[in-house]
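Just the one chain here, the form predicted alone, laid out as structure tokens.
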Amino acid sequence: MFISDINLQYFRNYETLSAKLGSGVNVFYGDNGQGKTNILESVFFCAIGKSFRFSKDSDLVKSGKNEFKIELQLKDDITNEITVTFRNGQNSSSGAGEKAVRVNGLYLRRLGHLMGNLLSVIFSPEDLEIVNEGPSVRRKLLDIVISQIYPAHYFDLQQYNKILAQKNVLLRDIDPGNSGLIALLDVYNEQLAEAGSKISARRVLFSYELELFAAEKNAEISSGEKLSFQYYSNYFTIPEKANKNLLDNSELSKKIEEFSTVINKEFTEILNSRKNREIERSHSLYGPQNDDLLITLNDMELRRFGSQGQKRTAVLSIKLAETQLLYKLTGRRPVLLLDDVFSELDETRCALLLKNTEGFQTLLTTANLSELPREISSAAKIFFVESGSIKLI
């Protein structure tokens, strides 16, 4: 899989952009604030339907315009073309508007159907948040990758969050003596257990697979330091890591189905037995919205005890593991997006990154070509970016 052509209209600071990309490394260089990262953002938007910068869709529209369009042409894959258009609504400040997605010329009825059509992994300096920030960042890390492999995960998340919001509204106003409202709460709990068990089963088992790859990469660069993950949940028992070898897609899918059945039973029991506690607190206390992935190095919490160098190595290892796992489970090579990462990496980490990106189309940004390893700059297709325009050099 690789992107052969990218076309933008009114996206971020681009009036228009049209570029033919190489199947290997593509470098976008120029001063900061010229629009380099915007190109990577447009590609990732076509992979998951959202910006990796946590932006509202309306923020992506060029100032003074009312809409944007992204069009990608792909080669060597089942997906040939992806087009995304967005038009601001009446209240553009809310980020709401009309978004339309076409894949191979066909309009998608739901945004979640975009998942898996373009596989992509983003590397950026902000990735340190995976280690340093709270559980939501790590849950998002897992959810984005899982949704590209199993698009059903995206829909389960949507369903779960919708029901969770409805349940929390009910809990704020519920009268324990109102049998009708209690019955409604039971319905919400049943639906949450059904969707939530699938979400957590995928997260747990996928984290085991991710750990196997990441631990290997981390040991390779750190002279044997032990990177490991521990999944935490407050509503089901975490199983032992029985597998020492990577599973193929059919094996993993089978284990996910079996494990989700086990979780559903435990989740249902917790929700039923702790119902009064949730009513007293006026809030949902149990479920995948509270799960976390603890990252440890040499059996110590990396967030608290790791050095900056150890954290960078771990994050790089996790991102490389994402790339390899996507490829292994789908047989399709994801597009790699490297946003100004070489300025953050030393020679050893650069070498590991280069070794593990061979054979993958790579789009990278840099403010200075001299920062790039010679192996990249000598073989890359290089674009100069300035004030929302690009030029092949």
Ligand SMILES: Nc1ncnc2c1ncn2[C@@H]1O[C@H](COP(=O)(O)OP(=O)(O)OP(=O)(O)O)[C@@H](O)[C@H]1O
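One rule holds for the numbers: they count along the sequence shown, beginning at 1. Since we're looking at a predicted model, the values are computed, not measured.
Another form, the form predicted together with the named molecule, is not on view; read the next lines as being about it.
Peer 1: Tell me whether 80, 117 and 148, taken together, all sit within 4.5 Å of the named molecule in the predicted bound form, counting heavy atoms only.
Peer 2: Not a single residue of the candidate spot has a heavy atom within 4.5 Å of the named molecule in the predicted bound form.
Peer 1: Is there a non-hydrogen atom of residue 334 within 4.5 angstroms of a non-hydrogen atom of the named molecule in the predicted bound form?
Peer 2: No, residue 334 is distant from the partner.
Peer 1: Closest heavy atom of residue 34 to the named molecule in the predicted bound form, within 4.5 Å or not?
Peer 2: Contact check for residue 34: yes, within 4.5 Å of the named molecule in the predicted bound form.
Peer 1: Hey, in the predicted bound form, does residue 38 get a heavy atom within 4.5 angstroms of the named molecule?
Peer 2: Yes.
Peer 1: If you check in the predicted bound form, is residue 350 within 4.5 Å of the named molecule, heavy atoms only?
Peer 2: Residue 350: no, not in contact with the named molecule in the predicted bound form.
Peer 1: Heavy atoms within 4.5 Å of the named molecule in the predicted bound form: which stretch among 42-50, 322-330, 56-64, 352-360?
Peer 2: Going by heavy atoms within 4.5 Å, the stretch is 56-64.
Peer 1: With the named molecule left out of view, which of 13, 9, 23, 377 would have a heavy atom within 4.5 Å of it in the predicted bound form?
Peer 2: Contact check passes for 13.
Peer 1: Of 190-215, which residues get within 4.5 Å of the named molecule in the predicted bound form if you count heavy atoms?
Peer 2: None of them.
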